[in-house]
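A single chain, nothing else alongside it, follows as structure tokens in the form predicted alone.
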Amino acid sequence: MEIEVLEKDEKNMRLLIRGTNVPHVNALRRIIMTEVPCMAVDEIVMLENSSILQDEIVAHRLGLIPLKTDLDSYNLPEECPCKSEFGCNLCRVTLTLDVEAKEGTKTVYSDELKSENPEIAPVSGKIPLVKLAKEQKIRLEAYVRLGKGKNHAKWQPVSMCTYKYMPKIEISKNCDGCGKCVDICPRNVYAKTENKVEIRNLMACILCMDCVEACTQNPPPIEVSWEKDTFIFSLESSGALSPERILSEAIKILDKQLKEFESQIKVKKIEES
């Protein structure tokens, strides 16, 4: 299997993966979305809330705030040595919020959440939580824990994770260069130069076949297909973890699950024999 990094920044990564198949790539995608842990607000203790929003709505909004995650310093609650329902400093981080609108209407943003660990904080400080009218107040404690996306979407480390086949487009010499495929393509895959149609951005193709259907020639000189063992894999981090860390953790988890599956098969064969 060959992997090529096509694009990468702080939150996004796009890979070209060759020499694999759909079950393998889809397993990696599902593990990223459901098994790679990240931090999120799990419980709220509401001390005072005179805002227009109910406690449950405020708690829901807090739970969906992406938080910077430290996988090396904290344990999943079920794996922590403390074995406590309330948690300890190895599996729980406390956030506090104490805000009052004294002079007029005030919008409370995520940067007003104070963390006992500065490394565990909202990814963005500009996420609105609640709007307070004059003399309204909100005071709470929020307990942050590691979790997995299979238990709740707030623990998904990605906002997007997809894959698609690597497109393959062939344009024969019979093309008259009318340009209808250029005009109808929703992703600007083609470009027209003089009396010729050329492929400008192959990887943007979504295999919709609109270009083939729009062609007036019969048979169409454009043939659109895909490479069965090559995929474009894209992921967008919520900001909780870097794309590289998300991918490396997913590979570790997949490798562990495959080894467990292999050992179970061996045990089954031994029992049958």
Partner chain sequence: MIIPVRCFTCGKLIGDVWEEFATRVKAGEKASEILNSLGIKRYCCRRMLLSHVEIIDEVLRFYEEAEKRKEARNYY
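If you're wondering where the values come from, they're calculated on a predicted model, not measured in any experiment. Numbering follows the first chain given and starts at 1.
Not pictured, yet referred to below: the form predicted together with its partner chain.
- Within this chain, Val130 lines the site of its partner chain in the model of the complex, having a heavy atom no more than 4.5 Å away.
- Residue contact with its partner chain in the model of the complex: Leu53 places a heavy atom within 4.5 Å of it.
- Although the partner is absent here, Lys180 lies well away from its partner chain in the model of the complex, with no heavy atom inside 4.5 Å.
- Proximity of Glu236 to its partner chain in the model of the complex: non-hydrogen atoms within 4.5 Å are present.
- Proximity to its partner chain in the model of the complex, taken as a non-hydrogen atom within 4.5 angstroms, holds for one residue of Ser73, Ser159, Asn201, Asn89, which is Ser159.
- This chain appears without its partner; in the model of the complex, the one residue of Glu135, Glu141, Glu116, Asp111 with a heavy atom within 4.5 Å of its partner chain is Glu135.
- Only one segment in the set 78-86, 185-193, 170-178, 99-107 has residues whose heavy atoms sit within 4.5 Å of its partner chain in the model of the complex; it is 99-107.
- Applying a 4.5 Å heavy atom cutoff to its partner chain in the model of the complex picks out Ile52, Leu53, Arg61, Leu64, Ile65, Pro66 from 36-70, in order along the sequence.
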